[in-house]
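Given next, in structure tokens, is a single chain: the form predicted alone.
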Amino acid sequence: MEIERLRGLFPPIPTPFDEQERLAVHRLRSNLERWRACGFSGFVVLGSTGEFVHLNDGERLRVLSAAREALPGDALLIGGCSLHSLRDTMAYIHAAAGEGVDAVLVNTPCYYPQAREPSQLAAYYRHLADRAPVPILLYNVPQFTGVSIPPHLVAELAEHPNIIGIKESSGNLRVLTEIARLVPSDFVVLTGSASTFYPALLIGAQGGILAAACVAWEACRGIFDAVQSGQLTKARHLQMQLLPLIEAITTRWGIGGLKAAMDLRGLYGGPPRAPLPSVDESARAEIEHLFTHSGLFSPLEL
């Protein structure tokens, strides 16, 4: 894979369910049809925002298949492939490759303490990378896994030719700075934190896999483009405008809030799968208020 294709903005798309929490692949296709016109570098399915942990194996493969069918052949598709055991993760990576993903996103083992030791993490990722038919992106998301990949280990793993980048979602700029300092120039660092998107780009991130981009693609794309063209005042202003919306949707209300915001933007959000909660009407009203008063959208865009 050409590394340049991994630089830019990627939405980690939510998995749509109907009101009985059944998978709604036709909604996935219609959402992708809308997002295809938004200037993204590619798409991530079955990440944390995609509720990967709430789907069974058959549902996951249906999502991958539907996403690949809905996208042009040259559209970059990254699939979340993080199961508990090495054996199952390896098997799932092969299955995802068979459905047409271009790369896979793999988070850390997190259940048993012994598997979280740096030496075991290194062995885990190297085993996968040696045998995976598609490139691997490391996924550092300690707020969910309780495990953080140390920057020095990221740098060591970056030496493997089939480990091509990382989604760094801790939001810790010190960690991201150290990773950017240690890894080679052909290893792609993508931030998963929209709240720190602007400073992350200045530090050395080459793009972002941002849940906020699912509903505020104009602002996220605007920040990225402004930094690339040296319009830092513009990028900083967009980041400040976007911050209250990000904090409400992705931090306060989580996936239920993001899906409510998708409904507001004319996409299909629908409910998350229990035990994740949907938001109530007062929260929906507050989300609409934040969109209306963010200064990022005209009434016709909502």
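A residue's number is simply how far along the shown sequence it sits, counting from 1. What you are looking at is a predicted structure, and each value in this text was computed from that prediction instead of being measured.
Beyond the structure shown, there is the form predicted in complex with a further copy of the same chain, which is absent from this document and is the topic of what follows.
**Student:** Should Phe52 be classed as touching a further copy of the same chain in the predicted bound form when contacts are defined as heavy atoms within 4.5 Å?
**Tutor:** Phe52: yes, in contact with a further copy of the same chain in the predicted bound form.
**Student:** Although the partner isn't part of this model, could you tell me whether Asn31 comes within 4.5 Å of a further copy of the same chain in the predicted bound form, counting any heavy atom of the residue?
**Tutor:** No, Asn31 stays farther than 4.5 Å from a further copy of the same chain in the predicted bound form.
**Student:** Is there any non-hydrogen atom of Ile255 lying within 4.5 Å of a further copy of the same chain in the predicted bound form?
**Tutor:** Answer yes; at least one heavy atom of Ile255 falls within 4.5 Å of a further copy of the same chain in the predicted bound form.
**Student:** Report yes if any heavy atom of Lys234 sits within 4.5 Å of a heavy atom of a further copy of the same chain in the predicted bound form; otherwise report no.
**Tutor:** No, no contact at 4.5 Å.
**Student:** Within 4.5 Å, heavy atoms only, one stretch in 259 to 267, 240 to 248, 33 to 41, 66 to 74 touches a further copy of the same chain in the predicted bound form. Which?
**Tutor:** Heavy-atom contact with the partner occurs in 240 to 248.
**Student:** Have a look at Asp88, Glu156, Glu218, Asp225 for me and say which one sits with a heavy atom within 4.5 Å of a further copy of the same chain in the predicted bound form.
**Tutor:** Comparing distances to a further copy of the same chain in the predicted bound form, the residue within 4.5 Å is Asp88.
**Student:** Please state whether all three residues His84, Arg181 and Pro199 have a non-hydrogen atom within 4.5 angstroms of a further copy of the same chain in the predicted bound form.
**Tutor:** Affirmative, all three are within 4.5 Å.
**Student:** May I ask you to list the residues of 117 to 133 that have any heavy atom within 4.5 angstroms of a further copy of the same chain in the predicted bound form, in sequence order?
**Tutor:** If the 4.5 Å heavy-atom criterion is applied to a further copy of the same chain in the predicted bound form, 117 to 133 yields Gln120, Tyr124.
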